[in-house]
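In the block that follows, a single chain appears as structure tokens, in the form predicted alone.
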Amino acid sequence: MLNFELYNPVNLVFGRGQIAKLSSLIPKNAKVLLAYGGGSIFNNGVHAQVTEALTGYDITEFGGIEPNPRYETLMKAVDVIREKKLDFILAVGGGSVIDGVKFISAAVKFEGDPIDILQKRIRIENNTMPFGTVLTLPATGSEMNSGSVVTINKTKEKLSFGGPAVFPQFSICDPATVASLPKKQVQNGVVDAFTHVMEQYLTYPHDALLQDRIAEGILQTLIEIGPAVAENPADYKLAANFMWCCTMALNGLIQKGVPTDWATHMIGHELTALYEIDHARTLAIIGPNLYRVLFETKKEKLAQYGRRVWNVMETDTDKAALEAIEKTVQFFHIMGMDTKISNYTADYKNTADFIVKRFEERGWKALGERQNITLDKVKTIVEMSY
């Protein structure tokens, strides 16, 4: 097992009716920026629950944070905070709103140009504004981690940053909020969480046995409940397990002591930046083809995954690994995912060259758990995904 440190200070408040606890979680004298997305929180009653719980607080609302939060929009929120001298942020929404608030938290007190946080991937160690979250769309696990992804609209870049100073102070996770979600968003959440696990699990055999078993348990649970929760998000049992899977998939626990990949995400982010394809759907496009191109170095773990998660009975490693890939693609299709770029845009023929050029400019020339995903392999993966 690799050496690791596990630090996660988030107070996770899980269950029905927990939004009412907000007043015990935010300081009474706080001047709060209430940040949210497109306004669905007004339709599903969450906004009313939040404002009722915060009766008597000084609240400034900031809406319009996009599904892939834009740097340009977030900087407007930074200006509001500075102008009104606010001192706490509450993110109410899904992973994009929470990711956006993480950037706002880091940018408010940042010494220098905040765009450097993204373009130079500056690790945020201190000097941030405190914030909490009310999760309404399970998917990214952002409610219990210190990572964030933000899009710069001007350059069409989707870039990540993070650091120990951008953990939420608390996150309220009420599975009842899942009931009002559109089917497509639930499908996205399941596949997003599934791929988060795969990025930390589907590498090569190692001796961190418990991490593998926890990862496999999350995958099996998502397979079991995914199609059903997409059809019936109001089922509290399904919604609660869905929400908890998404949090556990990326709260740092299964990542510790093991090798990790993340190349699927790095390539997928480019498809979102270029074509506005939903994040989870880019992962369903890229993931299986990455497994095929990296088959020789991933096949042992693919076979383990196939046998333990999909009950593949094949004893031959290569055949079991290939069957595991096909099972994964079938699951993505069941979850409503198209798995080709051409399903989303007709303007895709130069995509591989564009992504390779961008990676080369950033110095991203060796990706994956073995640093063996070279630019030529990236090109092949993307072309196979047409």
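Bear in mind the structure is a predicted one, so any value in this text is a computation, not a measurement. All residue numbers refer to positions in the sequence shown, first residue = 1.
Another form, the form predicted together with another copy of the chain, is not on view; read the next lines as being about it.
Judged against another copy of the chain in the predicted complex with a 4.5 angstroms heavy atom cut-off, the residues Glu5, Val10 and Met144 are in contact without exception.
In summary, among the residues Phe110, Tyr204, Trp244, Phe295, the only one with a non-hydrogen atom within 4.5 Å of another copy of the chain in the predicted complex is Trp244. Residue Ile214 is the only one of Ala228, Ala165, Ile214, Val80 with a heavy atom lying within 4.5 Å of another copy of the chain in the predicted complex. For Ala263, no non-hydrogen atom is located within 4.5 Å of another copy of the chain in the predicted complex, even though that partner is not displayed. Contact check for Glu224: a heavy atom falls within 4.5 Å of another copy of the chain in the predicted complex. None of the heavy atoms of Tyr275 is located within 4.5 Å of another copy of the chain in the predicted complex. Contact annotation for Arg362: none of its heavy atoms lies within 4.5 Å of another copy of the chain in the predicted complex. Partner proximity in the predicted complex, defined as non-hydrogen atoms within 4.5 angstroms of another copy of the chain, places exactly one of 263-271, 126-134, 188-196, 230-238 at the interface: 230-238.
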